[in-house]
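Next up is one chain by itself, shown in structure tokens, the form predicted alone.
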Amino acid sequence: MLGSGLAGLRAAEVLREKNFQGKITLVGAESHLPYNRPPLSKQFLAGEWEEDRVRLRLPAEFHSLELEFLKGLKVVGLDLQQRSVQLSQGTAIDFDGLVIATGAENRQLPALEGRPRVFTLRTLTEALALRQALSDAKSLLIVGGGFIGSEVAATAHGLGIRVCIVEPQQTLMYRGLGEEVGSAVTNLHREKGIDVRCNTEIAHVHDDGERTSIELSDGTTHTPDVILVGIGATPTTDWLSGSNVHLSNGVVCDENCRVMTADGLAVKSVVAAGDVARWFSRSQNCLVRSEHWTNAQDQAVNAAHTLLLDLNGEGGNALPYDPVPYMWSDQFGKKIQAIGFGDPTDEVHIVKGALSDGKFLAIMERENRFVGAIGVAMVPLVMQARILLTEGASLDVAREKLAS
């Protein structure tokens, strides 16, 4: 198991649940036991939870898996022919089966890298550093208004910190929610007092060794106490260079989560799951990748099943992985949920509530098909929409059932 996040842990659990008796080695780049990432930008950052609350499993549960946990080590190479991986300490591990779950890492903004009081947020270590920095801060500037940036803005506002978000797109969370729904979330932030500057970019950066100043394309200059860069993530695949694994915005996999080679062959007993995996979706008829919690959990289960079948010589019985994506975000006491492979160009139909009320359900149309839904403070209806999407309901059926 390469990667000690949710996907790596869940794959190991499935192997044991299915009575795999062999040795399992879990390699993790971090020194922590597997932990939950979603609370890092919310309850943990706010100081409501400590490290023990973000653990994915209690220590006793984790140790009951009877695996070898190599923590604080990075994987630096893969030899598919010899079926071995190379680790940062210079050792190699041979394998019969392999799960690649190395996740993703923060995109960096070169102009802000190494500047004072500039942070990113993905790991527990980064969350600890940001929480400490915010403990005596009066102002925070966030570069990037996606899921992480928007969540941290809501959390920091709750701590009494003055917040400004700089977003080059026309709304917050544009890529995940589209313009119409994204505008509603943007308005929610502005109503709470967040200074949201969309269609705005960084023009110049300078620092005095203690604080960093940012001049924006709108002509304003900001010197906040803390700066957070939240501009997305890229799959952690640099260690696979020269391995003959097909890399294209992640580790390319077949529909059963088997890793593909550069010449288009599926590798037996080598699978990938989570943020790093880009797999073939039957329903979308293309390669897709998802960086959300539910996908990491669900794909790990499918990948582990495929791995076990391959090891037992029954790989032909592997089931395709073709989920209905589900993601959520908590901001200002509201749960924002989205299902489906959404696209900002999808047509939006509000079937319950109103955008202006901050409580609504929208269904998404593409080429006269029901392709997804987004809800704010509409948890039961979103779950119903997820079932309808899984069943392949038509646009008219979805509209009728969800509006009733």
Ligand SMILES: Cc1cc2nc3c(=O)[nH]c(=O)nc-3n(C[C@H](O)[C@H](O)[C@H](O)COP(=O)(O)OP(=O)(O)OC[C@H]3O[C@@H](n4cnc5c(N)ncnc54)[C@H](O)[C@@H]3O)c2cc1C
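Everything quoted here is computed from the prediction, not taken from an experiment. A residue's number is simply how far along the shown sequence it sits, counting from 1.
Form predicted in complex with the ligand: not shown, discussed below.
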Subject >> the ligand in the model of the complex: contacting segment from 236 to 244, 109 to 117, 203 to 211, 187 to 195, heavy atom within 4.5 Å >> reply: 236 to 244
Original post:
Any chance residue 268 has a heavy atom within 4.5 Å of the ligand in the model of the complex?
Top reply: no
Original post:
Applying a 4.5 Å heavy atom distance criterion, does residue 334 contact the ligand in the model of the complex?
Top reply: no
Subject >> Residue contact check: residue 167 to the ligand in the model of the complex, 4.5 Å heavy atom >> reply: no
**OP:** Consider residue 329 of the chain shown here, and say whether it contacts the ligand in the model of the complex, taking contact as heavy atoms within 4.5 Å.
**Re:** yes
**OP:** Taking 4.5 Å between heavy atoms as the contact cutoff, choose which of 80, 287, 73, 311 touches the ligand in the model of the complex.
**Re:** 73
**OP:** Could you check which residue among 162, 222, 131, 122 gets a heavy atom within 4.5 Å of the ligand in the model of the complex?
**Re:** 122
Original post:
Check 365, 399 and 402: does every one of them have a heavy atom within 4.5 Å of the ligand in the model of the complex?
Top reply: no
Original post:
Does anything in 242 to 280 come within 4.5 Å of the ligand in the model of the complex by heavy atoms, and if so which residues, in order?
Top reply: 273, 274, 275
